[in-house]
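Shown next as structure tokens: one chain only, the form predicted on its own.
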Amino acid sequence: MLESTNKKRFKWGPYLFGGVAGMVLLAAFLGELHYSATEKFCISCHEMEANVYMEYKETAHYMNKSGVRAICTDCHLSQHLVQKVGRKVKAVNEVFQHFKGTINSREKFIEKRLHLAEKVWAEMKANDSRECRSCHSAKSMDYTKQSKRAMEQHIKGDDEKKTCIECHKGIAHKLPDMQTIDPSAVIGI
């Protein structure tokens, strides 16, 4: 009888170990997701700190009268787990490009800037500017408190079912050389 009890207890050992190991791995994964979504992490590579971060510091997303501040991941990383993980998988290529030295100088960055911006704009257009809308809500905008031009453009954009990035390119970073792009497609307010 004693022998059969020991066998039953032994059978639960691998399950208990697997459960604890699974929880530890999940906690590590979620901890990595959290840490890699911090501003400190985003600007830890030279390319980001020396280029786009310096520009961002000059925008209303960095400092404004209300004190509300958006960090890199507020605009470039979904808060939804599936999309967040998908974006992190895409970031593996960015790490590869970092070690390859693709944009390790200001000159290389400027040369690639339009291509990089177009990729981000296309993603934002495809997801209906999801990250913009996590802070900004068109339904909550009081158009009467906006400038006449902003009010007209927002109403027109709503009527035409446009998404934020279609008009607000250059809102948090300097625009690339836009000579190859139709200037009427960029408002940049």
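In this text, residue numbers run from 1 along the sequence as written. Just so we're clear, the structure is a prediction, and the values are computed from it rather than from any experiment.
From this point on, the text means the form predicted in complex with a small molecule, which you will not see here.
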| in the predicted bound form, does G19 have a heavy atom within 4.5 Å of the small molecule? | no
| task | Spell out, yes or no, whether the shortest heavy atom distance between S140 and the small molecule in the predicted bound form is within 4.5 Å. | result | no
| query | Going by a heavy atom distance of 4.5 Å, is V68 a contact of the small molecule in the predicted bound form? | reply | yes
| message | Under a 4.5 Å heavy atom criterion, is H34 part of the interface with the small molecule in the predicted bound form? | response | no
